[in-house]
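So this first bit is one chain, no partners, the form predicted on its own, shown in structure tokens.
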Amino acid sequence: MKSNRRSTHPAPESGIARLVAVSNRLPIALRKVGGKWQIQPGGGGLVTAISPVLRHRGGLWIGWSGTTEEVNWETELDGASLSAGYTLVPVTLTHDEAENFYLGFANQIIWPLFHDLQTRCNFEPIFWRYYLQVNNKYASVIASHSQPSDFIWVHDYHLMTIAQSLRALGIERKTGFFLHIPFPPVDIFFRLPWRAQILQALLEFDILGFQTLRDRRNFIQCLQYLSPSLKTSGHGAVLTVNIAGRSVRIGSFPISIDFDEFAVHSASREVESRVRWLKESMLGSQIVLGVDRLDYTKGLPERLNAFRLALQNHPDIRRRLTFVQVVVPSRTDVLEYQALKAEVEQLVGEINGEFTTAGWVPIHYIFRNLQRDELLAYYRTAQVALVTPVKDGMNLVAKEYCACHLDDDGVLILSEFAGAAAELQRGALLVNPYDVEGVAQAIYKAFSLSADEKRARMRRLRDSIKKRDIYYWVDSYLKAALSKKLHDFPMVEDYVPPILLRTEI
């Protein structure tokens, strides 16, 4: 087996620590259009959170490009690295690896299980073997492209055994792991056939980060159930577990956004122009906004049924409220997601057929990625954001919406099962997404709130998010991991990312 090597720019053994982010996917995606590769920006909370942290600090982002085809990486990633301000390091996956590791173990086992939807799990043994194989592959790439002084920051449920793989290779690195999705309670986690192996692999990291105190508590309870002799020490957001002569730190670090960047960009001339157009096109109707990836954890059918019930129970909001639901395509080649898309579109058609009148359509359904200016304009214009996942690690849409409401005039309706609820409960209207009547009533309440109460609630939300922004999150994590802060990884304004090339593994 050959390991990944750079054709140029070997890793400097300078002793200067760099941040090395490792995730399943790179922050870009390659798509072949007309026989040529096109680079498209990646989406999701991870890209939103990590990109501003790495930019122009000489760091690396290691991940899969999203394709199993052969790619000339030097040609295709040159401009992408320059644009990102950090170096992109591709990991190549075969078709079988993508099927069994990504679509299999990650998305048919861990994703539904950790979101309390265990009936959707497919505990196929071959998935686990490929999961270990691909994590070993990522570890080999890390070994080839990092240096001993780097901090290896591994992200999310796809890569839980990487630290164990690095140790097996004899590679000593300071490693941290952050789980972006919820960690389930004992009675759910223990349905996983490989529960002991996963827990042991996670304990090979130097620090483990979770979104909420609830997630951290669930993890520690799972540890203590399997190993009753394990003891934790410390108090507050970060605890310590001593195991096999090592200390592993386990903390709660709620992820966030670059608040100032969203606020400034949402006030730009381009966004302002779109805001004016949206307001004119709505003819005085207020916007209730939903922005979600196509996924069964987002509570889309429940949300649509709640909006229908609000229209049925409160005729006075008809023509005065318009629900704009943006659904970002995801895993559209998976039958379960195709069925969800069909269910959502059927509900939209039924509700529009029931309530549409001349000059007013109750639901505007958008199934595509929005351009950034377009998304921020919807955030700015929407009087209500409806963020009602049935389970979510954090949900950054809730925070992005608030950051963009410069006039403090919006209302956030938030699922109590989103990680963000712990931070935003003082300003948001919290709902149980399964309680259709409760969500319908919250929609009407948001519509009926006085201007003063809306401003008071939104100010509390914005103040909380601004205080605990993405840089606060990074500093909290790095302080727990390394006794450092982000400014200890200084900006290099003239930094030009090198091109890292792949050879066959």
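Quick note: we count residues from 1 along the sequence shown, nothing fancier. Just so it is clear, the model here is predicted, and its values are computed rather than measured.
Omitted from view is the form predicted together with a small molecule, to which the following refers.
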With the partner removed from view, which of 397-405, 239-247, 316-324, 129-137 is the stretch that lies within 4.5 Å of the small molecule in the predicted complex, judged by heavy atom distances? 397-405
Taking Ile255, Val291 and Arg368 as a possible spot, do all three reach the small molecule in the predicted complex with a heavy atom inside 4.5 Å? yes
One residue of Ile188, Val71, Val328, Leu117 in contact with the small molecule, assessed in the predicted complex (non-hydrogen atom, 4.5 angstroms): Val328
Option touching the small molecule, based on a heavy atom within 4.5 Å in the predicted complex, out of Leu226, Leu309, Ile181, Cys121: Ile181
Is it the case that Gln211, even though its partner is missing from this view, gets within 4.5 Å of the small molecule in the predicted complex, heavy atoms only? yes
Contact between Pro433 and the small molecule in the predicted complex at 4.5 Å, heavy atoms? no
Give a yes or no for Leu159: in the predicted complex, does one of its heavy atoms lie within 4.5 Å of a heavy atom belonging to the small molecule? no
Can you tell me whether Val474 touches the small molecule? I mean in the predicted complex, with a 4.5 angstroms heavy atom cut-off. no
